[in-house]
Ligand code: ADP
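First, one chain by itself in structure tokens, the form predicted on its own.
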Amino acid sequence: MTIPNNKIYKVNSVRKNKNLKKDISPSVDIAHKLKVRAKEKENIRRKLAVTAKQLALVARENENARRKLVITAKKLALSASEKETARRSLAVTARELKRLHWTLEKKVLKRTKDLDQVRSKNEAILASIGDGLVVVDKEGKITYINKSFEEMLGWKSQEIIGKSMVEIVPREDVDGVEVQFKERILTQVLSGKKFVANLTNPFYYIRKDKSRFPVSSIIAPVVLASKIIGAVEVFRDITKEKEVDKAKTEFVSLASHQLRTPLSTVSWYSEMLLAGDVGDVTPEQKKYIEEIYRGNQRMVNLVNTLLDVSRIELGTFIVESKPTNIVKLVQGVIEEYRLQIREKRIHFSFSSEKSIPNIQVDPKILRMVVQNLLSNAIKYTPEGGRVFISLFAQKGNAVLFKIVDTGYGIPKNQQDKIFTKLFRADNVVGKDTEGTGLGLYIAKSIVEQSGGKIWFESSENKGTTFNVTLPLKRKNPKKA
């Protein structure tokens, strides 16, 4: 079978290709493997490069860490040195503190000993004071009493420390009426109120055995950091003083009674001579007799005043209370002084509410109060001054009598003494040499014994206002 040439060629070509593939295949595999290995090496190189960089970074970090460790080591060494220095310094300080502590302890012991001595000395002084002494806290509870307190009141320190002074030691007035808690001087002082002691109005303390004795007392607040933390009271038994005062009052009363007879005789004969009952007298003789008469009248007034004081203090003043029209009584007194008001050209006025009822009082002694107050207002007001009197009905069944003047006033530093017997303010002594200093004392005694109150407000060279309140009725009237 004959094969065409073209087919033979194709067959040969196929065979050649097959053979060529057989020859080329090993080379291709090698090249591929080399290529793969080359990639692997490149990858390894890259990894090595990365690792090298990482190792370099780690090396740098290690170097930094080493340097930090070196620095830390230096710091630790320095810190150790400083700690050693601090330790040594602390040791020195501890020794110094120990020395100072010992020195301070010695000083404290010495100071404590000194304070104990001072305290013992002060306690000995307080215990030796002849007057009674009591210290209270802010609540009025007793914190300290001295020996004189125990002796006068009969209480022992351990019995009353921590208890209320007001409850332990009651206070009574002259008539035996117990003073209420709010009206006690101690209560007022602890509450911060200003209180002026009234030495003309004695009071009584009640002992443990319920007996009583007259007392003169001074109470002062204890102030710390501008706050009242308590009070101190010093008091004494004035029984002997009252007995002496009573004896003097009785003597004055007796002497005054004895003086009234010759003074009345002088007054009577002077009036007869001036009236011409025993013959004519010359003008010059009449002038002398008038001087005798006026001088005698001043003495009569003084004796009558002294008698009034002695009767009030001895309790022998006869009181005859009855319904009294106070408006008419005041108007009557004003008329008595009308001439003096005109002579000094004083601008005078009187006003009264229409509905003022009668009050239960002795008109005789009430007239004395009004006379004393009006007389002082006229006497101590300069010419051309003003005097005003007014009457008001008050709530609570009382009447208010008010007298205002524009006179010399009362010096502030003497206002607490103005109701004291025989006291006269310095600014008026030279202006009126005939005053006795008894008028306001009598007025206050009468008003308070009538169940009323009297007080004043005054400024030097500006004038004075006296206020008097009187109850319409008294349940238990006292002897004047």
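Computed from a predicted model, the values in this text were never measured in an experiment. When you see a residue number, it is the position in the sequence shown, counting from 1.
Below, we refer to the form predicted in complex with this ligand, which is not included among the displayed structures.
In the model of the complex, this ligand sits within 4.5 Å of a heavy atom of residue 410.
Looking at residue 453, you'd find every heavy atom of it more than 4.5 angstroms from this ligand in the model of the complex. In the model of the complex, this ligand lies within 4.5 Å of some heavy atom of residue 377. Remark: residue 446 does not count among the residues lining this ligand in the model of the complex, judged by a heavy atom distance of 4.5 Å or less. The stretch among 147-155, 105-113, 230-238, 369-377 whose residues place heavy atoms within 4.5 Å of this ligand in the model of the complex is 369-377. If you take 436-473 and check each residue for a heavy atom within 4.5 Å of this ligand in the model of the complex, you get 436, 437, 438, 439, 440, 441, 464, 466, in sequence order.
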